[in-house]
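Before any questions on binding or motion, here is one chain by itself as structure tokens, the form predicted on its own.
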């Protein structure tokens, strides 16, 4: 469904990713782990189009998207929930959710029946948002804002949902709600997430890739079961 071949990218004169190869099939749940600064966020932003390619290719359903602008990649089914969430704080939950429709498929983008069905799907996944639908996002908690951010991404009906550390700084009950929703939608779309909590990773997927110094490799079963090893890798310990 999505494939990266020999992808290198970075910021200005700094190259972060080096010859990345990664394939995602429809319905995959894939986690990325690694130390801070290893390139995890850069990989997500390169797929989304916010960090330009230096070499290599990215294809989506066989179509080359590596040179497309971010908004055109979104229209092809790529959604990214960043660590900062990037919500409009002076707008309500409902208004933020409706903005997600701007990246939905053109043929159904503003079809009333489709919009209502997608909105209902989001509110079913996150019942709390039904209560907060008319609440201004800026006065909400971090966990509530995270639900809005994920909900807004889902409003675009993505084929690939990317999440950058969705559990960071959230209370345990909010993390449970967020990952409950992620697990519920996993069969409907491909999910690629960056996560540092090993317990969450192990309960979400066995398809885990390690990024170190801008290079990537898939972890095998023995490595996944070695918590001490994973802890060292995540925190960059020797």
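Positions refer to the first chain, counted from 1. All values reported here derive from a predicted model rather than from experimental measurement.
One more form of this protein should be noted, the form predicted together with a small molecule, which is absent from this view; the next part is about it.
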item: Residue among 191, 58, 178, 38 with a heavy atom within 4.5 Å of the small molecule in the predicted bound form; value: 38
item: The single option of 111, 83, 95, 120 touching the small molecule in the predicted bound form, heavy atom within 4.5 Å; value: 83
item: Residue stretch of 170 to 178, 30 to 38, 65 to 73, 197 to 205 approaching the small molecule in the predicted bound form, non-hydrogen atom distance within 4.5 Å; value: 30 to 38
item: 4.5 Å heavy atom contact, residue 165 and the small molecule in the predicted bound form; value: yes
item: Distance check, residue 20 to the small molecule in the predicted bound form, heavy atom within 4.5 Å; value: no
item: Heavy atom of residue 216 within 4.5 Å of the small molecule in the predicted bound form; value: no
item: The small molecule contact in the predicted bound form: residue 14, any heavy atom under 4.5 Å; value: yes
